[in-house]
Ligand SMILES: NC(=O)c1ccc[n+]([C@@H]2O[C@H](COP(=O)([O-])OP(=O)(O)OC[C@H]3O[C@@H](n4cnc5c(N)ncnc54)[C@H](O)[C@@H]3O)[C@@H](O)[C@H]2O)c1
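Below, in structure tokens: the form predicted on its own, a single chain.
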Amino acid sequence: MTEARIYDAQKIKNLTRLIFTANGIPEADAETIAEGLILSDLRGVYSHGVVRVPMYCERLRHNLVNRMPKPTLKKTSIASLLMDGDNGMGFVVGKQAMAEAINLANDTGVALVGVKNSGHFGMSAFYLLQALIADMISFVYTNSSPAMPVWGGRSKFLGASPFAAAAPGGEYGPFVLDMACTVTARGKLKYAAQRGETIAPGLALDSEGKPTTDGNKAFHGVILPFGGVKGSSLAMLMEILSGVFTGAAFAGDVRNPHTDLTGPQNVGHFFMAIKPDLFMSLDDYKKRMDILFSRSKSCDKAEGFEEICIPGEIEARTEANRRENGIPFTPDVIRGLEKEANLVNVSPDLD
């Protein structure tokens, strides 16, 4: 494993923002993109952090993304909206879509926003946390380019398509679940291949459908679903809600953001916001959440466990620590940022 060095989170975020503004992204949108990427690294989700900046910039250089999109909204029912993202950056489209879901849910109690014509939107938890700030329960789904087979198949068809949901909590903090339907994130295979590293057995098949621990062969092969048929079925549900349901690309038609530079992705997203006080007061709801978490954490621990954590708790601790003490990055990630900065005449001074 390549040795990492600690970098100040704000400096990395500022450089990321400057790279995107120099690539023609408006200041406010570049701030949103940088915020989403650095939040991933702060929470330890490196596969969706600034390591992806070169990929996004390459798509901008090929004019495959609308730098100044004008997303449009169509009200489809009392509690639902359809957004056309106008081929904007997924972070920008996604943040606006969640904001619309939150605003509508404040009136209707429950709100859905479907999105088409978007792009890769980074870490799903970025939007869950946005909803938590508004004290909303939320579900965030997206489809993505083919990464894993349907159950029983051997070729790429379904995306990694994360299942993401969050619920406000009380004294113990919120519940935040953001998990790919694959046994690992595809980005982790990409960067194992980039670094010449091996991967654990059981994560992927090579292009011939054979099990492999070679990061490069795995990236060009297929990732396996977690839980076998269960993960594959959940990924298909994400495809239905995010792709079929919204009018976005689906059934293998979402373009790979890393390797397919022939056109826009047309990614689909699905956002749901729910007021947690629909059946009781918000205070009573949070007290009940505290009881749930308190009893969960006090359960007898299995061998090898020193603590029982709530989903999202470890990531929140990691974020708090890294905001104060910095984020460890390997040299290849920093080289990627510096290269992109130099291409647009931005000073990549991170010292």
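The first residue of the shown sequence is 1; numbering continues from there. In this text, all values refer to a predicted model and were calculated from it rather than measured experimentally.
The form predicted in complex with the named molecule is left out here; the points below concern that form.
Trainee: Among 155-163, 94-102, 271-279, 67-75, which stretch sits within 4.5 Å of the named molecule in the predicted complex, heavy atoms only?
Mentor: It is 155-163 that comes within 4.5 Å of the partner.
Trainee: Which one, Q130, S144, S138, N117, lies within 4.5 Å of the named molecule in the predicted complex by heavy atoms?
Mentor: After the contact test, the surviving option is S144.
Trainee: So the named molecule isn't shown here. In the predicted complex, which residue out of P174, G88, G215, G122 has a non-hydrogen atom within 4.5 Å of it?
Mentor: It is G122 that has a heavy atom within 4.5 Å of the partner.
Trainee: So in the predicted complex, does M148 come within 4.5 Å of the named molecule, heavy atom to heavy atom?
Mentor: Output for M148 is no: heavy atoms all beyond 4.5 Å of the named molecule.
Trainee: Whether I223 contacts the named molecule in the predicted complex should be assessed with a 4.5 Å heavy atom distance threshold; does it?
Mentor: No, I223 sits far enough from the named molecule in the predicted complex that none of its heavy atoms falls within 4.5 Å.
Trainee: If you check in the predicted complex, is M179 within 4.5 Å of the named molecule, heavy atoms only?
Mentor: Within the cut-off, so yes.
Trainee: Any chance P311 has a heavy atom within 4.5 Å of the named molecule in the predicted complex?
Mentor: Yes, P311 lies within 4.5 Å of the named molecule in the predicted complex.
Trainee: Mind listing which residues of 29-45 have a heavy atom within 4.5 Å of the named molecule in the predicted complex?
Mentor: Contacting residue: only V45.
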